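For reference, the chain that follows is the form predicted on its own, supplied as structure tokens.
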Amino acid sequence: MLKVGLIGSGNIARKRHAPGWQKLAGQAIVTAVSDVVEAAATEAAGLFATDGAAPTIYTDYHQLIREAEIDAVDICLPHHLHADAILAATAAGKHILCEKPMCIAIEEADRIVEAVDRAGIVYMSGHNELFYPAVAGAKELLDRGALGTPFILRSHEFPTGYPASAVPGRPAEGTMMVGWRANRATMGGGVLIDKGYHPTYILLHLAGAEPVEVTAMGGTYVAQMDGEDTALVMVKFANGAIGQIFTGEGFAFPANDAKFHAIGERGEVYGNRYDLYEKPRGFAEPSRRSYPVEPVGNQQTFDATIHHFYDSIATGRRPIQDHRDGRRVLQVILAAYRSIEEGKTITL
């Protein structure tokens, strides 16, 4: 029985992570919950109450790590607190699942990589969108060489809709960029390091090659926040392929545009979350694979993330994305911010 401490009790913890752990009843149990707001921790703990017993509540995650009877932690904190929580849990020998991003500074990432390697624990970056069935199907096709040498890869992340607005986008109050997300210091930037983290790790995962150059542009058009609400990033890979990341919170992208798209010498693969298209070179029409649509938003990807984390601990297999992958994604995003600020291509 894996004993878990839930660190952070906000919406992502209560509405997405908690159901995943509940589905592992009999294999894993949340024994401790923390949040600086005690009422939030109490609400989260109530989700795991059984037979009159409930997780121990803490308002200090350091105390939880020191005192709670746990084997692992699930970190769901604001971005700027991730590194501190990871390093504290690593020092205590706890396995770690952490929401994206792993941290917000490359110096933090280097310390984490060194600490995790030294501790010999399982660290998994919570890159949940890799578990969308169409993304997983595309990765399988690319890995077995269906496209041959890759040329171009794209990955996008936008809201699927927005309320009526006087401007061609979402009204500021209708975006998610509020509270700590609207602050550059606690966010680590703007939308690129938040919503844009998903298409970045998807792009790197599908590319299967090291990124070597980054060029980016960004702007703030709708959301009232310190950082950018829209970003476009170009990535050059060591194998010569070119990648594109396009993300934003200020407006909704056309629903018929592919979430990911890979083009190579033998054809192309593209799709969204539950539809995968493969079009060999020379064919007029693509084949289509449609997967069952999850009825509760993207909950299945969070369930799969948590179950994969549990399986990695139980079997000793490397997680689909570990601490080095977390560092690589952050490196690309921070290089994009440098490119925006300096107006030039950044060599990694």
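Note that residue numbering begins at 1 and tracks the sequence as displayed. Quantities reported herein were computed from a predicted structural model and do not represent experimental measurements.
As for the form predicted in complex with a small molecule, it is not shown, yet the points below apply to it.
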Just checking whether Ile12 would be counted as a contact of the small molecule in the model of the complex - the rule being heavy atoms within 4.5 angstroms.
yes
Looking in the model of the complex, any heavy atom of Ile313 within 4.5 Å of the small molecule?
no
Is there a heavy atom of Cys76 lying 4.5 Å or less from a heavy atom of the small molecule in the model of the complex?
yes
Does the small molecule come within 4.5 Å of any heavy atom of Phe302 in the model of the complex?
yes
Counting only non-hydrogen atoms, choose the one of 227-235, 206-214, 113-121, 97-105 that falls within 4.5 Å of the small molecule in the model of the complex.
97-105
Considering non-hydrogen atoms and a 4.5 Å limit, which listed residue (Ile152, Leu87, Leu141, Leu81) is close to the small molecule in the model of the complex?
Leu81
Quick one: from Phe251, Trp180, Tyr274, Phe131, grab the residue that has a heavy atom within 4.5 Å of the small molecule in the model of the complex.
Trp180
Each of Gly8, Val37 and His198 within 4.5 Å of the small molecule in the model of the complex, by any heavy atom, yes or no?
yes
